[in-house]
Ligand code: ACO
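One chain is shown next in structure tokens, namely the form predicted alone.
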């Protein structure tokens, strides 16, 4: 029974359940690799559309391939009128992630070939979802604020289009480029909870839409998505560099968490945080308000020092820590931070669905079916005697 308890409580951490060629997270070395390419090179030298091609088609595109992909994404960004009409029936306070998850089956309903399980069809659906999920998130933000959705602009890339559809105004070049980098950084991260959810659904030979809806549901939980939202809430609660010492002390004394510091996998620092921090600084300077960046830097320094002194452990900022202030500077509401995660990660989710179902020699032969240890014996070692209703 002791061994069973150890297995039950792992949450599959450290348990290898499949092989993948899509990405590698090296927690000890602080590295993130997409199909062989380090994230530092990709974030510096590519855009999100190139990453979509890399993840879905296993190679960085040449100019002709990228142009063709851009044309297909532009052609797929508009969402069905029936979906827009359905969004307008929802209460204004509906959670954006619930709206996003509910919208995916509606897209399936508008796709007569949704259930065709071929790699070509899966890639077609993947591109369509990449294009449309950003439109859905932006449209819902405007609808809940009693404004008409903004149609996508075919002249804008994916990142700039989302910001435009959300605000109705075209963003400055730095803002659009920085958001594009954010999409690159969040596009893929191996077998995290939402990706595993997508692959588990896909392993049943369900279609792409069902797998993505499952992934969004997984991401909506506070233990997976939403950390950068809570980082921004924490910064606003502290509200001043001068109040950071007292806040850190309170967290240590009460056993709380400094949101955005620490990671389940990275032991020497999240490489994505090192890319996001200078962008937050730059946008703070451009907006004339470095308060949130300054607070983040000070909180990182004081938090790391305090945890080392009091607990003897090293903590480092993760991807959520500086993305919070960065998204805030971009004018993205905090409750859209997790949908933005989905807008990016849709590329990784769909790549994993394709690998799960069409991975060739590396494909798993059967669906996921983990075992469990039954410990619910209510009648001791023997089975319970059934009691008729009249005698209960």
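Note that the structure is predicted; figures quoted are calculated from it, not measured. Numbering follows the first chain given and starts at 1. Whichever C-alpha set is largest while still superposing within 1.5 Å between the two forms counts as the rigid core.
We do not show the form predicted together with the named molecule, though everything after this point is about it.
Which one of 156, 94, 114, 315 is close to the named molecule in the model of the complex, taking close to mean a heavy atom within 4.5 Å?
Flagged contact: 315.
Looking at 132, 263, 199, 207, which has any heavy atom no more than 4.5 Å from the named molecule in the model of the complex?
For this set of options, the contacting one is 263.
Among 291 to 299, 250 to 258, 277 to 285, 141 to 149, which stretch has residues whose heavy atoms lie within 4.5 Å of the named molecule in the model of the complex?
Only one stretch qualifies here: 250 to 258.
Contact of residue 13 with the named molecule in the model of the complex (heavy atom, 4.5 Å):
Yes, residue 13 is a contact residue.
Considering only heavy atoms, tell me if residue 214 and the named molecule come within 4.5 Å of each other in the model of the complex.
Close contact is absent here: in the model of the complex, residue 214 is far from the named molecule, nothing within 4.5 Å, heavy atoms only.
Partner contact for residue 227 in the model of the complex: the named molecule, 4.5 angstroms, heavy atom
Heavy-atom contact with the named molecule at 4.5 Å: present for residue 227.
Taking heavy atoms only, is residue 349 within 4.5 angstroms of the named molecule in the model of the complex?
No, residue 349 is distant from the partner.
Thinking of 242, 305 and 328 as the candidate spot, does the named molecule come within 4.5 Å of a heavy atom on all of them in the model of the complex?
Contact check failed for every one of 242, 305 and 328.
Can you name the residues of 315 to 341 that have a non-hydrogen atom within 4.5 angstroms of the named molecule in the model of the complex?
Contacts from 315 to 341: 315, 318, 319, 320, 341.
Core-superposed comparison between this form and the one not shown, residue 196 Cα displacement 2 Å or beyond
The answer is no; the displacement is under 2 Å.
Given a superposition on the rigid core, I'd like a yes or no on whether residue 288 shifts its C-alpha by 2 Å or more between this form and the one not shown.
No, shifts by less than 2 Å.
Does the C-alpha of residue 147 move 2 Å or more between this form and the one not shown once the rigid core is lined up?
For residue 147, whose C-alpha is compared between this form and the one not shown after core superposition, the shift is less than 2 Å.
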